[in-house]
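Only one chain is included here, represented as C-alpha cells and corresponding to the form predicted alone.
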Amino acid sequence: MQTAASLDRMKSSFIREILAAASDPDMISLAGGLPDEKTFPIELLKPTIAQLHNDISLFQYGPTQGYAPLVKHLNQLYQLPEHHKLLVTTGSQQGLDLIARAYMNPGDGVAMEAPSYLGAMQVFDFVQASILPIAQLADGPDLEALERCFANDKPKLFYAVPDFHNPTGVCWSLATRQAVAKLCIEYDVTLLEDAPYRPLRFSGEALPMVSSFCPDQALVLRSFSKIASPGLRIGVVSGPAQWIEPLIKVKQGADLHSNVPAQAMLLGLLEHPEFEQHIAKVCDLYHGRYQVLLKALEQLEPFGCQAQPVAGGMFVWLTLPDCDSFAFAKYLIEQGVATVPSDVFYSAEKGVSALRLNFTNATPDMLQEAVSRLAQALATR
C-alpha cells in the first residue's frame, strides 16, 4: 500500500537514529533531551499509586478534555481567565499535532525560529504547512524579520519556545516578549508558545510568559515530561475556549482521551507538599552538570568553537567552524559520542554549523570525557 503524500514531506528523525546508536554501552550520549532517571519523583508518586485501586472509575473511559480534578487543579495553577480552557494531551507533542490538524490547511504559513524544534517542524510538514523561518538572535527572534514575515507572508501561527529554546537554549528578553506579543496582536497572528523547559530555570529571575502579554492571541503548550516523567505522557494545551473546542473534537478522533490513571498520578504529584522542593533539586542537579560541561567546552575554543551560555533548560548550543554538521555528528558517533547536528533544526535553508549538546542525562565524568573525545575529533577531522 502506498503511503500518503504528506508523509513524504517529513524528514526522518535523526534524533531517533542517533538514539539507537546511543544504546551502545560505550557511547556517551549528549543527544536526546532526556531527563536523568534519578530525578523521577517515584517516592512522591507512591502514595497516589497505592490508592489508585480505590477509585475504579479511573480505569473506565474518561472525558476527552481530561480527568476533571486535574483539569480543575491546572486551571487554578495557571490562573486561566474564565473564557479560557485547557485540554490534557498525551504529551505536549500531541498538543502540537492537534493544533496543526485542527487549524492548518496545506500552504498555510507558520513562522518558526531558525533553528527550531525538530518535532514541531515534522508536525507542520505533515499537514503540508509552509514553514517560514525567522532568524534567531541572542535574545530571541529577529523582530524586524518577524514583522516583515507577518506583513508580507501573513502566517496563521508563530511557533516559538521562548524559555530555554530547543535547540539553542536561548531565553527571550522581556523587551522581545513584549514586542512579539504586540506584533501578534497587530497582525492577527496566533502565538503558539511551547514551554516545556520553563520550570528548569537554574539562574536568573523568571520572566513573564509571552502569552501573558497577548492572552487572547495565544495557545500555550506545557509538558510534565521534564519535571515529572516522560513516561507519564501528560501535556496540556490552553487558550481561548473557542480555540480549544476544535482540539477536543480532533482528539476524540485521535485517542478518545489521555491515560486517566496517569492523570490521577500526576494530580497527586502536583498536590504533594514536597513537589516544589523536588523541582528545585532537579534544577540544582542540572545546574551543576551544565557548569561542568560549559567549563569543559572551553578547551574547544582554539578550534573555533563557541558554547552559548544558558540560564536553564537541557541544552547547550555549540557552534563549530563552517562544516557539514551532519557528517561531523556521524564521525563523532564513531568516536563514541552522540550529539545532534544543527542541520536537522533548519527547515530548508542551511544554518550555522553547530551541535546541540544535552547535559541533563550524563554524569560530570561522562560530560568531561565526551568533550575530550570532541576535542580529539576536531583535531583529527
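Counting begins at 1, following the sequence as shown. Nothing here was measured: the structure is a model prediction, and the numbers come from that model.
Another form, the form predicted in complex with another copy of the chain, is not on view; read the next lines as being about it.
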Review point. Which one of 202, 303, 78, 126 is close to another copy of the chain in the predicted complex, taking close to mean a heavy atom within 4.5 Å?
Key: 126
Study note, to complete from the structure: If we test each of 149, 214, 220, 157 for a heavy atom within 4.5 Å of another copy of the chain in the predicted complex, the one that passes is 157
Revision key, fill the gap. Assert contact_stretch over 344-352, 315-323, 47-55, 329-337 against another copy of the chain in the predicted complex, heavy atom within 4.5 Å, equals 47-55
Review point. Heavy atom to heavy atom, is residue 277 within 4.5 Å of another copy of the chain in the predicted complex?
Key: no
Exercise for review: Determine whether any heavy atom of residue 173 comes within 4.5 Å of a heavy atom of another copy of the chain in the predicted complex, and answer yes or no.
Suggested key: no
Check your understanding: Is there a heavy atom of residue 226 no more than 4.5 Å from a heavy atom of another copy of the chain in the predicted complex?
Key -> yes
Point to revise | in the predicted complex, residue 63 touching another copy of the chain (heavy atom, 4.5 Å) | key: yes
**Study point:** Members of 253-275 lying within 4.5 angstroms of another copy of the chain, judged by heavy atom, in the predicted complex
**Key:** 253, 254, 255, 256, 257, 258, 259, 260, 261, 262, 265
